[in-house]
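Heads up, the chain below is alone and in the form predicted on its own; it's given as structure tokens.
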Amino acid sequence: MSTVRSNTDLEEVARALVAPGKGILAADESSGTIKKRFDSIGVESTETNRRDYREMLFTTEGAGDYISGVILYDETIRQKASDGTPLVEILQRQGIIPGIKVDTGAKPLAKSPGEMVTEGLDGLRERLVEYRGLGAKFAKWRAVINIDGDRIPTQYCLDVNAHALARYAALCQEEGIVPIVEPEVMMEGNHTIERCYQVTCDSLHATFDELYAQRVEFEGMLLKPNMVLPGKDRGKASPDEVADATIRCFKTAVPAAVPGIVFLSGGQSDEEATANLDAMNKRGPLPWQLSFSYGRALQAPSLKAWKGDKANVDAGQRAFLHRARLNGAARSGSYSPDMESGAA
């Protein structure tokens, strides 16, 4: 039977995940997503290849200077490195906190065409007990919010996803696991940055209303949102425009008690995700730590350098460390595009 652990423990882990100069690596790609990534470099997505790739990332010397935690997939949290060492242990040796993705994916929302709801609450309590035993100190659940003109999202969609996020978060905290709450407003579409601002604000208000109603302690959680951006088909906004709109939105919707906001990259290029985070941190001080929880935006250069070849492990690690270092600089608003040239 689960017992409520002290608030101090949850807050300590949450604050460690957003420690100055550090952020989170999202390495929780589903089987389908990692296959697409591997297809792009001509590598078969076998269990061994997936293990070798993640082992390369996790054993990168110095990664712990910039990476506070790693979100793992169910397969990965159970895997051992080529020398038999559990991957979780490799992370812990680097001072990196292991986490776990616990939702089972977004599915079509009944009676609301074009909208999604994330599943995975059934059996979650028991899975959290198991994941904690495997070393997970935090977890992640992603909701998907689509924009389609003024029709989508509906309040119905925002409410059901907020309810699921809050139920997940409450179960995590009961088990002593820090929940990362991820309501992602998608970039796909032709919407303006103003429309994204409104939808993001509406989504966050619904989410925090539910989190409060379900007794989630804000001090012991993290928020993983999208940045406020125009739709992919609309064109790009400058880092200053993104920073201004995003911070303005969060000041209206995110309680100051939340220790940190760890942004998803959401289809931005590596450089865009870093520059936009940097622009926000140049506007400090703010009520929360503004950090990153990037997947592709941290991994893409490393994946291309590795190409599934053991001879390229060093090159892959250099590329990963370089990207991590740049995002670490963006945490304090000290990133410059001039830093992009060359992997140290």
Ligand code: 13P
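Because the structure is predicted, anything quoted here is derived from the model rather than measured. In case it trips you up, residue 1 is the first one in the sequence shown, and so on.
Only in words, not in the display: the form predicted together with ligand 13P, which the text now covers.
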Fill in the blank from the handout: Partner-free chain; cross-checking ligand 13P in the predicted complex, the single residue of 200, 118, 173, 265 with a heavy atom within 4.5 Å is 265
Completion exercise
TL;DR on 84-92, 139-147, 234-242, 250-258: the one with heavy atoms within 4.5 Å of ligand 13P in the predicted complex is 139-147
Exercise for the section: Using the partner position in the predicted complex, report whether residue 295 sits within 4.5 Å of ligand 13P, counting heavy atoms only. Expected result: yes
Handout entry: Partner contact for residue 224 in the predicted complex: ligand 13P, 4.5 angstroms, heavy atom
Key = yes
Practice task
Determine whether any heavy atom of residue 277 comes within 4.5 Å of a heavy atom of ligand 13P in the predicted complex, and answer yes or no.
Solution key: no
Exercise for the section: Decide whether residue 210 counts as a contact residue for ligand 13P in the predicted complex under a heavy atom distance cut-off of 4.5 Å. Expected result: no
Exercise for the section: Can you tell me which bits of 98-115 touch ligand 13P in the predicted complex, meaning any heavy atom within 4.5 Å? Expected result: none
